[in-house]
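Only one chain is shown below, in structure tokens, and it's the form predicted on its own.
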């Protein structure tokens, strides 16, 4: 049996599952029970829809403050995960401030020319509009015109925590090689002393990856020539960020610091991608696509001015030198939330710092994609990729170092490996705890971990004319981030622009730096090409919550798990069954047609979700928790009273 905590063992021993888990609901609030007179329009027997109303979460660092985010993440971490899931999948309403004062379909930007508008803003009421394949999961599956009239393919974010940790650790390993005096930044002299290429070995057995030239192009002045995924900012002689600086001049700037921007396809030479952390990957699209302004001191706070913020509650450093949330909190309420209203719609603090704590916690722990086949078939597929030199960019594995020195370790609470059961012809999962419980606090172990099968070098490459893009500003965008191949077999279209409708087509479009690999693919036998396409097609996503899974650690997937005295069906991963107070399902009930069904709607939502905890309670239901609400008896969606 896995080393689950006593409380977790007690909970999972009761049994757990999802009921009608394959059904998919809309992710607006559906909090009523099946069969109750007058409420059928609101019910969701699948249990998938959101069960609690929108209440701004409150960021705390004291885990004794019940319902604050430190309490939730450290003492009821699966509730924190579920609330973060809700934030990722919720359909926000006008009363939440969605779409802003400008309403829908406004042009935003600008492009780097400072004039041309870029994407269409205010075009969705939630993340699920783009990240929806498979539905109700951190999927992808939609194209969005962004930098040009051609599409940008919305990526899935299964394994998002692993991707973020790879990016931050790679930055650390690069800085270790450059920052010889250990002051946290790269001086002109340190850059000059470095070699012309900076390499990182992803994992034992993998080839070293070159992230570019750290030397300044003018000797002791100028810019480094890193791979485009590396975004640089410049600092003075004390390592303090100099906003607006475009190079080292030896007068006001004397060195640089940098980050890896792992989220986003890229936007042309010297322009990087979108977001370096999962937290930024939340507040940035919330603002751009939903008109929801986030106030986030965790992202923005930089007391020593070096361009870096302290780690979030999930343990990820942030990069305010390049990524600050839109609501800067110039004017603050005495309780600490922002009184600013950047979009002028009169809705204050639309996304709170605490909301981002929970959304980031979900993203950190969301499971990775899987392979639909045997280990031998996987190895054969990797050998095919390697033989066609695809792995020169699609790096299979990355190793996360254990906590110690400059490394943060694997910050996740749990692992959820998913493997293919060939006999049953289905994916099956397993909950693997990565925590130690100290009293009632869950502490991530922060050990080492090998991220297997991501197939990405996290660099940008020029793949030739068939992958180029002419932006709205007329600039030809050439380098784009290597697509991680995990999950690539679960949907189409493919390519950063989504213009390929088959895997064969997107491979044939490779040119430029990948021309030799394309030639090897085209020169391979028909059988080898088909075998490679089968392998890629078997790198798949799955529905996390309906997947048969061993949660109790007894190496058995039960057909009849019981939670809170209710038989919920076969054993699966549903965070609600792992709360401090697990959700109790409605169970067998007659529907409106007199049919007996099993309803997974919850009957103890108030207790399970802790809506009476001090920092979660919202007496008047206006989305403002009572400890913030200036009038908790008067509904006021905009500011607690208006």
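Numbering follows the first chain given and starts at 1. Since this is a predicted model, take the numbers as computed values, not measurements.
Here the subject shifts to the form predicted together with heme C (HEC), a form of this protein not shown in this document.
Trainee: Check whether residue 147 has any heavy atom within 4.5 Å of a heavy atom of heme C (HEC) in the model of the complex, and answer yes or no.
Mentor: Residue 147: yes, in contact with heme C (HEC) in the model of the complex.
Trainee: Would you please decide whether residue 286 lies within 4.5 angstroms of heme C (HEC) in the model of the complex, comparing each non-hydrogen atom pair?
Mentor: Answer yes; at least one heavy atom of residue 286 falls within 4.5 Å of heme C (HEC) in the model of the complex.
Trainee: Is there a heavy atom of residue 126 no more than 4.5 Å from a heavy atom of heme C (HEC) in the model of the complex?
Mentor: So residue 126 counts as contacting heme C (HEC).
Trainee: With the partner left out of view, is residue 378 within 4.5 angstroms of heme C (HEC) in the model of the complex by any non-hydrogen atom?
Mentor: No, residue 378 sits far enough from heme C (HEC) in the model of the complex that none of its heavy atoms falls within 4.5 Å.
Trainee: Heme C (HEC) isn't shown here, but in the model of the complex, which of 393 to 401, 553 to 561, 169 to 177, 317 to 325 has heavy atoms within 4.5 Å of it?
Mentor: So the stretch in question is 393 to 401.
Trainee: Suppose contact means a heavy atom within 4.5 Å; in the model of the complex, does that hold for all of 142, 274 and 513 with heme C (HEC)?
Mentor: So, yes: the whole triplet contacts heme C (HEC).
Trainee: Among 198, 388, 242, 475, which has any heavy atom within 4.5 Å of heme C (HEC) in the model of the complex?
Mentor: That would be 388.
Trainee: Have a look at 216, 532, 368, 194 for me and say which one sits with a heavy atom within 4.5 Å of heme C (HEC) in the model of the complex.
Mentor: It is 532 that has a heavy atom within 4.5 Å of the partner.
Trainee: Can you tell me which bits of 152 to 184 touch heme C (HEC) in the model of the complex, meaning any heavy atom within 4.5 Å?
Mentor: Residues within 4.5 Å: 152, 153, 154, 155, 156, 157.
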